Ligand SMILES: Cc1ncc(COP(=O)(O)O)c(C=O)c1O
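Single chain ahead, written as structure tokens, the form predicted alone.
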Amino acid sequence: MNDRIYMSSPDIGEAEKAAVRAAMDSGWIAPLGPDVEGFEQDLAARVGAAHGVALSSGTAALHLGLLGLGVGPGDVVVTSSMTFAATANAIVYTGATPVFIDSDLATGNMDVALLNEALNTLAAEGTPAKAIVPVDLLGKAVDYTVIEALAHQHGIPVLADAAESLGATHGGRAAGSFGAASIVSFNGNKIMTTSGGGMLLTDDEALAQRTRYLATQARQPVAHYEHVDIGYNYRLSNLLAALGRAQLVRLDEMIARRRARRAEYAALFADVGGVEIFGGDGAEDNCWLTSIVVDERAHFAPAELQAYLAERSIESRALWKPMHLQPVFADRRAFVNGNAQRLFETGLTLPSGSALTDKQFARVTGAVREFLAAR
């Protein structure tokens, strides 16, 4: 039996199993079906968007969202450096060039002052950004108030990468509802999952239709197979959409469990000098993952705690290595302040999933206490 404790395992129960069985019994095993349409409507309504397009991954949603906004070869797209590679990869898929923006130290999200500098610099150089792709890090929405104002000032669209922030808010408004469009992810480790999957959310009907068209191999509406555009096989399956609909019903419950775990971690580290719960004020956070930041006042390095937990079959992980430090993007432009690198070097993400049992969580916290006591 595998007794390894993971950071964010899928939280699947009887409701999800029943939903998938019902979808199978309905005969809709082929890629599309009524649960896909229902899932799109359910999630769009949840975040307050007019349209949703269910896709095979959050990466697919980013790719098609960029194409729908007219991004292509020779264009420049400004994005967060502190993110998973999928964000930058999707920009490259279009033939565009990513320009990376460093982080605000408190949240890890895009530094809006650096964004302003980058947009002004690029415009002055005659290569204005074609789009902005800010990333909501670990479940906390970026400062959309400022970012959307800057985008409006420069006349460029925002494609919000809300892959990690479903259920979070900014200024009381749901993540997934910002920008010309937003994307969310339902990967297996996300706050809710369809095993693999994602969705593009937008108020722009034409953008939604274009995304749906490109995601279905760009088939023309005729009796035979006719194609005038390059398309993609990016649609979500009906079975996975059924799983997603059941997960969405439980989303608030799963967020509450993650929030409770974060509070327990906060209590655990409250009296440990040099250690803070990462992310600042968590009031609008979905608490997808809980991380700590360890500074020079602590008597240990994050890698030491990570190794100690690994020896006890408990997963933990450093924060994202910034894209501007990744070998594959070493030649790409970046506006930096050093914060993303500092967070990568001092941060550690701990088991945070809503599927964690009390016994498993006690094993994690017990191991942390043993480690701290030894130091």
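Quantities reported herein were computed from a predicted structural model and do not represent experimental measurements. From 1 onward, residues are counted along the sequence shown.
The discussion below concerns the form predicted in complex with the ligand, not included here.
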| Listed range touching the ligand, judged in the model of the complex by heavy atoms within 4.5 Å, from 299-307, 106-114, 183-191, 241-249 | 183-191
| request: Spell it out for me: taking the ligand in the model of the complex, does every residue among T169, A175 and D285 have a heavy atom no farther than 4.5 Å from it? | output: no
| query | Any of the heavy atoms of L200 lying within 4.5 Å of the ligand in the model of the complex? | reply | no
| Close approach of T346 to the ligand in the model of the complex, 4.5 Å, heavy atom | no
| Contact label in the model of the complex: V78 to the ligand, heavy atom within 4.5 Å | no
| said: At 4.5 Å between heavy atoms, is T87 in contact with the ligand in the model of the complex? | reply: yes
| note | Picking from V135, L236, I101, L159, the single residue whose non-hydrogen atoms come within 4.5 angstroms of the ligand in the model of the complex is V135
| Heavy atom within 4.5 Å of the ligand in the model of the complex - the one residue of T83, T94, T290, T211 that qualifies | T83
| Members of 3-37 lying within 4.5 angstroms of the ligand, judged by heavy atom, in the model of the complex | none
